[in-house]
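Just the one chain here, the form predicted on its own, laid out as structure tokens.
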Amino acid sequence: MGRLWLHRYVRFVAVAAAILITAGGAVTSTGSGLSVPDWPNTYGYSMITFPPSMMVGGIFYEHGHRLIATTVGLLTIGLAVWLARAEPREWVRRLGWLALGAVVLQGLLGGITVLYFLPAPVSIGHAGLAHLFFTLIVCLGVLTSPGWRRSYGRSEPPEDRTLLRLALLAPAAVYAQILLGAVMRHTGAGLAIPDFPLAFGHLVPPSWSAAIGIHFAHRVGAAVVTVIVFAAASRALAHHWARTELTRPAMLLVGLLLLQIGLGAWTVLSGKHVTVNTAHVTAGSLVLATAAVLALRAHRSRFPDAAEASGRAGTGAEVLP
């Protein structure tokens, strides 16, 4: 029972981290990054004692983001401690401490971003680390799940080298695209090309600037990610249709990618509407996490606890949570 509750807690932290991603996206979408100019205090108040009546305009987004971030930080402390006390696998316990280190570093980067007036490199690093943190929490959810512990009921799943390579390539490509998006977002290049799917009415921009180059690179990156994701999902669905632990994330990945492409187009055509732009950030993180889930499950047999789990699956032994 203890392991099942740990898994449920990890899932809860993952939901909280997704809300934090959305809140951070709302801060940048509304241009509220400097609405609270001091850190870690808020206009001289401590974070907890800041009057709710003063949370208006951009302060609502920035201070709200800080409150959510603090909550996620506390939840991550609880997660790391719980894993340290209840998780028998040392390498999973280390991932818990890594998640805690990531959230602490994320908070420091957020503070530096404010104190140094939104320097692009720091803001980009802050955004990139946020997506990695969320993905790490989702991965911990996979690693603590009952399905993972029983190796999804398969003693010796067939090795598909093509799928293994594509499954690793997909999250790497998605993360590179997220970083490109963060560069575009924090350098003000989001509307450098104001039309879609063409670029100033052409397939390739007729004139160039740094902002146009960044924006166009993000569009090219989206095309590359689409090819890789569809290749990985198609391989899983065509060759491993009976393995639901692969087909489900593969189908979800395709659906989220299509949603993300639509949100990206809508962001441009709507002139970076706040809600659409924020949803684009959140969906990108969901695409990354789903690609990571597919990669983990495809490589299940290569993890340190695979032999024990496969032995239980082969004998039909029930794995108690």
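The shown structure was predicted, so the numbers you read here are calculated from the model rather than taken from an experiment. Counting begins at 1, following the sequence as shown.
Beyond the structure shown, there is the form predicted together with a small molecule, which is absent from this document and is the topic of what follows.
Contact with the small molecule in the model of the complex, defined as a heavy atom within 4.5 Å, is made by none of 248, 253 and 294.
Interface residue among 219, 239, 154, 93, judged by heavy atoms within 4.5 Å of the small molecule in the model of the complex: 219. Only one of 107, 205, 78, 146 comes within 4.5 Å of the small molecule in the model of the complex through a heavy atom, and that residue is 107.
Heavy atoms within 4.5 Å of the small molecule in the model of the complex are found in exactly one of 177-185, 163-171, 239-247, 78-86, that being 177-185. For the chain shown alone, residue 235 is not a contact residue for the small molecule in the model of the complex, no non-hydrogen atom being within 4.5 angstroms. Of the heavy atoms in residue 211, none are within 4.5 Å of the small molecule in the model of the complex. The small molecule is not shown here, but in the model of the complex it comes within 4.5 Å of a heavy atom of residue 123. Among residues of the shown chain, residue 21 is one whose heavy atoms approach the small molecule to within 4.5 Å in the model of the complex.
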